[in-house]
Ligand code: URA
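First comes one chain, alone, set out as structure tokens in the form predicted on its own.
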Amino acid sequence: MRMVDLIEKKKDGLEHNEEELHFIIDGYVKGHIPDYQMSAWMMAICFQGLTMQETILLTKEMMYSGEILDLSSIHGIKVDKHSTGGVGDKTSLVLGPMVAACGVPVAKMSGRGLGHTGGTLDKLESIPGFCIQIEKDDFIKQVNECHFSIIGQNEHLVPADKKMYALRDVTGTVACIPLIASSIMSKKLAAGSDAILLDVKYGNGAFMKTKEEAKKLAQVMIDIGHSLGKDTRVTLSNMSQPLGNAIGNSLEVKEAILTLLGKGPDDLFQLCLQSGIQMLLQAQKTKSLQEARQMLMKVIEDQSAFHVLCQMVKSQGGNEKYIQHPELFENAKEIIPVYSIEQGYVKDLKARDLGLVSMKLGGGRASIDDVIDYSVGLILNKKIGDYVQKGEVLLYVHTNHELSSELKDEILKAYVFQNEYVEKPTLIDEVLQ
């Protein structure tokens, strides 16, 4: 078997079998297949696609390219949650404690942010002392005790994806549904949970720009999960504007804390509530949507979800006093209001542009080696559907440097106004399973 023949085969739109896909993935991980041939094969997939059977087989080969995490010693049905990324997406910091407080184990591996989307690990590392790398036995012990842990991705899991993703990023082969689906699902399946909830976002601040694209990706991932015996569900959520009001690492942690205390922004809470309902159903804690909702509301009202976050932070070496007293977080030197130069209803709010502003302030990474400033970011004062008078504050910039005229212009251009009334967008459009 030769890689060049398999490239030709896919270029001609023909279907690979299991043996061929094993040859490709195994050979690439072991270094027998060079980057230039792998990139040619993935480009052929971008043009010709993969059948559903090919996508399932590819996911399995990627999944078994490294270690499979055994979480069988964690009691109960373990439900993992994955988001396709977005601006201001601090969902895991709220949803995880809510579901864990209801008695469902949440054993989660997360990634870092790159570009305009923030990473859960970066947010957690804004808490002094918090450790994202803990031993497997400690990870399991912690989830059994407080039902919740978030750690960094295990470097031994899915090495095929690590190599393939780095190559896709520099060869224009990222935006391909079979490659996206196999990348996400191989990692989720290797991470050892019993059920998977995926939050697939679409819109300006998301990777998938339209609901139709997001729905197509969602269905492929559901089919992969079901084929491998996992209860897999998807919420389709609108990322036409940032989630919540905070963009930036410690700012988002503080907003997550407020949400767990019942004082956070409604869109963030509603997303976590709807996602939590699905996770409780998947964990078989209840068969009723209404009962699941009541359970989640109760853990907010009695603050047991908040206490789970405190316990998780303490267990992983973090200073839980920062959770109990968020004012301890270091503030940026300057908090600068940006005033509107127009008036009308906010019709559009370009999440990606605001995410890039936060990154340029130091709150994100343009490259993987960039050092993050945890204190900087944006706090939104106006969002889609709000009426704005000329001279009103649109948002506050938290920065340790002067606000350049270029960044201020980028902020102002991110807001689009119209005179006619604008309804606030629906956040979750659909749940697929």
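We number the residues from 1 along the sequence you see. As the structure is a computational prediction, the values presented were derived from the model and not from experiment.
There is also a form predicted together with ligand URA; it is not shown, and the following applies to it.
Asker: Taking 4.5 angstroms as the cut-off for heavy atoms, does residue 168 touch ligand URA in the predicted complex?
Answerer: Residue 168 belongs to the contact set for ligand URA.
Asker: Do residue 179 and ligand URA come within 4.5 Å of each other in the predicted complex, heavy atoms counted?
Answerer: It does: once ligand URA is placed as it appears in the predicted complex, residue 179 has a heavy atom within 4.5 Å of it.
Asker: Can any non-hydrogen atom of residue 329 be found within 4.5 angstroms of ligand URA in the predicted complex?
Answerer: Looking in the predicted complex, residue contacts with ligand URA do not include residue 329, since no heavy atom lies within 4.5 Å.
Asker: Evaluate residue 207 for contact with ligand URA in the predicted complex, applying a 4.5 angstroms cut-off between non-hydrogen atoms, and reply yes or no.
Answerer: Judged by the heavy-atom cut-off of 4.5 Å, residue 207 is in contact with ligand URA in the predicted complex.
Asker: If contact means any heavy atom within 4.5 Å, which of 231-239, 87-95, 179-187, 330-338 contacts ligand URA in the predicted complex?
Answerer: Contact criterion met by 179-187 only.
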